[in-house]
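Starting off, we have a lone chain in the form predicted on its own, written out as structure tokens.
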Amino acid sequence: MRMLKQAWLWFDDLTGVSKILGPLLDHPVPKARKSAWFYVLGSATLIAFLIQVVTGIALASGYVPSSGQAYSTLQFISGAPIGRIVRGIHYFGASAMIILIGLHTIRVYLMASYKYPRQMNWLSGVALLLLTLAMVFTGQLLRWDQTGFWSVLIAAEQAGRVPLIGNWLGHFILAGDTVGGATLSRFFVAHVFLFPGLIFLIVGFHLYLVVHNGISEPPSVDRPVDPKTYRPWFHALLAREGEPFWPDAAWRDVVFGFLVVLTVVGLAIVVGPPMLGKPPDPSIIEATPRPEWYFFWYYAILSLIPKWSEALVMVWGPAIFGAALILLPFVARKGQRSPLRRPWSFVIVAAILFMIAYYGEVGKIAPWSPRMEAPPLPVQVVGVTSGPIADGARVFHDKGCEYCHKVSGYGGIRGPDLTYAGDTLTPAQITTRIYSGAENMPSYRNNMTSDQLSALLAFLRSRHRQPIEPPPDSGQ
């Protein structure tokens, strides 16, 4: 310890670091008392970001951002024990960062910490929230699998709906007319250099504002914000009841941050990173890409809205949301901070969380998407191993019917459940539907032989709740 102390004194003498760190660590903060643990979310988000930086550097050292090698290098990284853990930490670290910055935003909003004099604190936090979303989105393409490939095309298609500059935005995202090596290089630079650099700059500015304006005190119903008197009152509060950030308040940040690191590393070791999908192949148009779980809700909304409203929702939805975040600290710069005097704040947060949870679950299930990975129906479902019924079960899978229709729990959910098709549909109705198609079903008139149709009808007619009893003998 003595040697470490001497080394620190030598380093500090040459650099003067203590003159910079000292005011940051010693600056007084209000006593939070019962709400103290709500104030650890910001520092925990920073720790999650640092996890991403460290693991991102490690992954970048073995990753080749080339359309011909990106997928294979990720396979190699995932196959190595240490590489699997590092990639898992990076994946769960991104999830932790999304959760923590979301909770931090909710805490700041409920406590109205965006009011005077902390409007710039809020705006810089909004910038960090948007940059975090951009980080996790660009990281998805770097897997260079089917999901990442098609997700970028979908994003470019959405950007193309922006009035006037939509075509330019789409080309800018793709770095050309379609997804390719240039797209991968652009996303790699944005994910590894541009967005982390901007986050570091804005985090520095955000921390400066925290020290300059002070950490917001817990709100009280009898203490509304008045810009004319707030600063003198706040400085008097710190002089009377304040405590130094280190160690009186910072120990909670250290404990919670350690738990975040422990959780992320534990999940990476036990669960591991997500499996890579198939390599990107633009010729496979039946791909059903899905975003990461934190975008499920948006994915579900875009999939469920009527077609006539797509442009409005894709363009004006994010624009209105962003404008609301930016205008909030200026429209509501003073007045009550206590959520008890702002009951609508609870309603707004509850409505947003309900929407994210509900549509997130819908997006997870994705009832509109075919299950392209559905295996052939097992023998215990088909009932026989040979004959027209067995042949029809093979047609049911080979022609993709099973991707959208479920039979006895196997298959997709996009179309009607055909477990008891023999009880609900006549052969003529089935034939009409197969040949004419439907809104979400292609016509098989020119894609199915008469023998295949007969076998398929035999299979579907065999689907009953109970075995068909033979007609009673009339004695004739």
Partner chain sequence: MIEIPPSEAPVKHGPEINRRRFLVRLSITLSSIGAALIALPSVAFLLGLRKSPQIWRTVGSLDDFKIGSTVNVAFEDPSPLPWAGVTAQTTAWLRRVDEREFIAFSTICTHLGCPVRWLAEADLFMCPCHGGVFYADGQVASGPPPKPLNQYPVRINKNSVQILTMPVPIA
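Residue numbers count along the first chain shown, from 1. In this text the structure is predicted, and so the values were computed from the model without any measurement.
This protein has a second form, the form predicted in complex with its partner chain, left out of what is shown; the following refers to that one.
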| item | value |
| --- | --- |
| Contact assignment for its partner chain in the predicted bound form, among 175, 362, 127, 250, heavy atom within 4.5 Å | 175 |
| Selected contact from 376, 224, 277, 289, since only one has a non-hydrogen atom within 4.5 angstroms of its partner chain in the predicted bound form | 289 |
| Segment assignment from 176-184, 340-348, 84-92, 380-388: heavy atom within 4.5 Å of its partner chain in the predicted bound form | 176-184 |
| Residue contact check: residue 138 to its partner chain in the predicted bound form, 4.5 Å heavy atom | no |
| Contact test in the predicted bound form: residue 157 vs its partner chain, heavy atoms, 4.5 Å | yes |
| Close approach of residue 245 to its partner chain in the predicted bound form, 4.5 Å, heavy atom | no |
| Contact of residue 188 with its partner chain in the predicted bound form (heavy atom, 4.5 Å) | no |
| Partner contacts in the predicted bound form for 302-335 (non-hydrogen atom within 4.5 angstroms of its partner chain) | 302, 303, 307, 310, 314 |
